[in-house]
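Take a look at the structure tokens below, where one protein chain is shown in two forms, each on its own, as structure 1 and structure 2.
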Structure 1
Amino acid sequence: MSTTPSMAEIGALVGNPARANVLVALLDGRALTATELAFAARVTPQTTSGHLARLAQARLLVLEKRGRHSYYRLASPLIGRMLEGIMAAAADGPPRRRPAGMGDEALRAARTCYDHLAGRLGVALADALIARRRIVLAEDGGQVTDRGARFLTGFGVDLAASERRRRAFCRPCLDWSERRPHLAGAIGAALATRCFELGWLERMRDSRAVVISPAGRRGFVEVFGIAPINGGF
């Protein structure tokens, strides 16, 4: 009943809008410069610098200096999962009277979430995989079925690399724009990587949004069976 100071410290860190913006901007695992983060945080560079120093001291972020730039990124995937958890709780919390149309449309369509896919595309992908019994997702975890393993291998995802068979983990991650789960974990990451490899997706500069190429558009429909309407493209 007394071992909690550190939890409150982390809460206080996340509890400032500027710092929360920084953390969300870093959620896809990339390293951003202090100036880019100042823009994301919506405060001046001086103020941001102080915030970044505090986040780094608490080991939520790590700093890498290169030339005259300071690159900050999340200290570990653990931090990313913590933030996901907070966002999930925030998403099903009080009826958000936030306009909801506010967020960037490109982000809502398709984006990366740490190392996997989110947004309408991410959710549609998860839905399609579930509908065809290729994966099973519950609140607490998930599983790749045998037919799912065959399908993913055929698609070029190296399941063996995601650690020996039966350790190819699969986990739900609550999408904060769609408020429904999408596919995360080792499988989600591997799938996203493969889509980038195939040129189905491309990252947008200075954003976590991704754009779907014409090949990707075809592929998601033909290979995964996503209805173009549901995929939102």
Structure 2
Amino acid sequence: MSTTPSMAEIGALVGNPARANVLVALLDGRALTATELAFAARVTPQTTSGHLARLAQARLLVLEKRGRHSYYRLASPLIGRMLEGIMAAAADGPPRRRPAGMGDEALRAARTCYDHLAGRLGVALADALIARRRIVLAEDGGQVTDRGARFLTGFGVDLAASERRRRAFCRPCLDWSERRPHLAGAIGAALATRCFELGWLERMRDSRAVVISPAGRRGFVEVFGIAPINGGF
């Protein structure tokens, strides 16, 4: 008898509001404690414990032990891609009567999608790299051109390390808010990591939204040729 979770089982797990909140909280690729995830799920720690056990059993989450503490994270980039796809499909559904808040606008401007950049900033980065023939994106994959390899290496991205990662090297990811692709895969992750290292981006607490620093605003314009959109990305 197969122990692989069925599509119906995965759908039921993701469809629960508390579990959905847990998964979205982990969609930036970081690992969080059960206490932090209980806060994100908006349920009691006892209830969260049961949800985490079911998500881990279905291999949507993995548990990591670090000393006396336990942390949960998404099991793989594939899970992050599935969640972002669900969010993109939900965005195409009928409009809800929930007023937009400042958090919504921050997420639409710039956020992490698992371990790469999304929102207006992520899409603008992909557009800039494509326009300058540094990457080529197809429907289900992509590649870095020779020109792009020189550019990314000069920017501080370790292409050799990215190629060794056991995941897609370069691919598009449909952005749920912009309805257009941003850059994912190992290259997308390495590019995001480098932007954080340079201090161009800062994480917002309890959110996948990221803040673009003054240095980042200059850098994205000067290095990538991205013009600010309405005073921001």
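All residue numbers here refer to structure 1's sequence, counted from 1. Here the rigid core means the biggest group of C-alpha atoms that line up within 1.5 Å when the two forms are laid on top of each other. Since the model is a prediction, treat every value here as computed from it, not as a measurement.
- Comparing the two isolated copies of the chain, the first one is the form predicted together with the DNA.
- Core-superposed comparison between structures 1 and 2: the Cα of residue 64 travels 2 Å or more.
- Relative to the superposed rigid core, residue 21 undergoes a CA displacement of at least 2 Å between structures 1 and 2.
- Shown in the overlay between structures 1 and 2, fitted on the rigid core, is a CA shift at residue 51 of 2 Å or greater.
- Core-based superposition between structures 1 and 2 puts the Cα shift at residue 30 at 2.3 Å.
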